[in-house]
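As structure tokens, one chain now follows by itself in the form predicted alone.
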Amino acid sequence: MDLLADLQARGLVHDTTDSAALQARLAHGPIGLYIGFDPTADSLHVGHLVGQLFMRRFQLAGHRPFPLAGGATGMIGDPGGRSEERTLLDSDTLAHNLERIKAQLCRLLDFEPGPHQATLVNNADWTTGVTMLEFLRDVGKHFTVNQMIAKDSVRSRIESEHGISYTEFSYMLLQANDFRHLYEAHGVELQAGASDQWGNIVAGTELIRRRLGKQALAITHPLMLKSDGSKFGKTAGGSVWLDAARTSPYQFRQFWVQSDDQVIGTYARMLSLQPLVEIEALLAEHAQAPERRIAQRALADELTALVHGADAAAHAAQAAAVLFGGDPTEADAAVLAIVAAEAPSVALPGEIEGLRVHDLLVGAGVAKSVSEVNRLLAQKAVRAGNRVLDDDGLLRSADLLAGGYLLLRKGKREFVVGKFPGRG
């Protein structure tokens, strides 16, 4: 299956300027393409993975990706998908965000020298020095206000109660000029992006046609949506970030594991780099026993390894096994550190011998009183590591796990974790 057919089969093609021309150009030889990412936060989120992996698919097929970090456009912010004006970032915040985003853009593509080498670009490099008069003369004169108002992202804002400022109104022209510059400087003939970027992207093809007399191409992919049909965004509540400091590899993996059955097929086709025939076979197997979450686990492992590395993915999977009833004595210190970050913690004294479990469980809030702990012990419902505690609740040195961790479990899935100082 050729690249464009594969993208279509995966549901990754929403619009193209000229499908036949794009097919012919891809067949002719390597093409340069770009997708832009604005640093309006200090991390990308899972919704951006579609675009990042879109570029990776092109690179694996022998083409040249140019991921763009929007050092200039990030100062304004795209009005699309928003009902009101963005808060403009100060220069220090923007610079910080830009550096963090650059690292994330570099993680999923191959930047090693070669014919298909990825090239990271920043639109501040060719925009910052341009004067307003130059921009109006070289870019603005090629667009009518009528054209710009007709774009969905602009029209919806004009019709809203908040309106749109001239600053955000000009975003389309800046993005169009990015495409023009990359076409001239790097031979980038194709711009890709999410479907809500269509108006901005075709503005770039129009600018190239008018200023350079050349044909440029455009393709968009559908937005990846949550199970309730809403977009993934950068709002503080519920975002799943690509930065491990914001969303841990364990939490990142669990997001995919917990994905609804109604969207896992869409997610797997859009995001997995495995051959489509293998994905369809996996989804068919999943449909036979959805409670096993085979498709969710496979995608979770693949994406966690891509975003955070193979070791982090393996540790996250092992931590999940422990937290969902697996044997903690088989886990190493790195895995138990992840478990400790996800479970209630308790401070431990210097020695374990003679220590009773009662105060630890009550102190961590998983038991309300000493009498409740006594009842749990009598019911054989408390474990230290993998050992069922006796009625006296006394702990032993043998209960310590790798790295000096003590893992207490009430019932099947309520945990308390502590670490003895100086151990491990």
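Since we're looking at a predicted model, the values are computed, not measured. We number the residues from 1 along the sequence you see. The term rigid core refers to the maximal set of C-alpha atoms that superpose within 1.5 Å between the two forms.
Omitted from view is the form predicted in complex with the RNA, to which the following refers.
Contact between N386 and the RNA in the predicted complex is not found at the 4.5 Å heavy atom cutoff. Heavy atoms of S397 never reach within 4.5 Å of the RNA in the predicted complex, leaving it off the interface. For L348, no non-hydrogen atom is located within 4.5 Å of the RNA in the predicted complex, even though that partner is not displayed. The closest heavy atom approach of K410 to the RNA in the predicted complex falls within 4.5 Å. The single contact residue among L303, A312, V257, A337, judged by any heavy atom lying within 4.5 Å of the RNA in the predicted complex, is V257.
Only one of the listed residues (L173, A298, I279, A320) places a non-hydrogen atom within 4.5 angstroms of the RNA in the predicted complex, and that residue is A320.
From the list 284-292, 239-247, 269-277, 119-127, the contact stretch for the RNA in the predicted complex under a 4.5 Å heavy atom rule is 284-292. For the stretch 345-373, the set of residues having any non-hydrogen atom within 4.5 angstroms of the RNA in the predicted complex comprises S369, V370, S371, in sequence order. After superposing the rigid core, the C-alpha of G326 moves by 2 Å or more between the shown form and the other one. The Cα position of G11 differs by less than 2 Å between the shown form and the other one after fitting on the rigid core. L60 shows a C-alpha shift below 2 Å between the shown form and the other one [criterion: core-superposed Cα displacement of 2 Å].
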